[in-house]
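Okay, here we've got a single chain as structure tokens, the form predicted on its own, with questions on binding and movement later.
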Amino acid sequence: METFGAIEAGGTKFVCGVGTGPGDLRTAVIPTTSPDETIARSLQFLTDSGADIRALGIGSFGPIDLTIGSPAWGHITSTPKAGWRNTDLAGRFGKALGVPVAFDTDVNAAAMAEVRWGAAKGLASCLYLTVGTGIGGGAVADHQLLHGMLHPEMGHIRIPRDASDAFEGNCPFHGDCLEGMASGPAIKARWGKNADELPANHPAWALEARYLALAVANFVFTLSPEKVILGGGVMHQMQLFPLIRAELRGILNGYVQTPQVLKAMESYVVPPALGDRAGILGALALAETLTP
């Protein structure tokens, strides 16, 4: 069985892996510092693993350039993360390892992993939203990852502000977009504490559920996914799931007449079956696509 390399490139850490699937994946976590240091340490893990790596998959924070033929393909582009703008990620790894590289967003990779091994296994479509330091989304439609002019930026959709909410939003680009209102940093800015420091009965969660349900409703109407998967650090607060499902049911208001929505909401909006390994396993799944 062929062995693959995998990298989940995040703004705070790189998760590097070698293996063939969930059962034998070996990983290492490397803090995201400068590009030179982070890439060098990641390469050290991959080469020291002793594995005969046939291809490498990278799921990266963004924005990134996914346009085949573009001079900037494989680059992290307009990121606000200091020092990482215009970094050639895929090219540097591919050249150093001498293997083909599959490159996509971290959330597209996570969506792919959940279809391959997780909560959406056997389905033709799904939506994966990650809610943490930022908010991002990936989608599979008709068994294919969704791409376009760039890649989906689902965290920056506009949602209606709740009448009770005076918070202005903290997205540096758009202010009160979804990410600006519902990400982990937005929760801290509004309430003065991190999400994991707030009690389960705090009013933060009803408001958070409202905003996330509004976002999910937009994607249900536009993408019609067969499964909605919500991951990321904020979604470790499991009390959010019943609140989001109830809000979503009310927002859809009987318009979407499918069994998933009408009778099985508890199994329609779910956490990732692969947990926090969805991203790194998604990178492994990306690498798989490069071999017959």
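A residue's number is simply how far along the shown sequence it sits, counting from 1. Remember, predicted model here, so these are calculated numbers, not experimental data.
Another form exists, predicted in complex with a small molecule; not displayed. Remarks below refer to it.
Checking 79, 125, 133, 170 against the small molecule in the model of the complex, a heavy atom within 4.5 Å turns up for just one residue: 133. This chain lacks the partner; the member of 83, 100, 185, 175 within 4.5 angstroms of the small molecule in the model of the complex by a non-hydrogen atom is 185. Of the candidate stretches 249 to 257, 43 to 51, 236 to 244, 219 to 227, only 236 to 244 has residues with heavy atoms within 4.5 Å of the small molecule in the model of the complex. The closest heavy atom approach of residue 162 to the small molecule in the model of the complex falls outside 4.5 Å. In the model of the complex, at least one heavy atom of residue 205 sits within 4.5 Å of a heavy atom of the small molecule. Though the partner is left out of this view, residue 212 does not reach within 4.5 Å of the small molecule in the model of the complex, counting heavy atoms only. Mapping the unseen interface onto this chain, residue 89 falls outside it, with no heavy atom inside 4.5 Å of the small molecule in the model of the complex.
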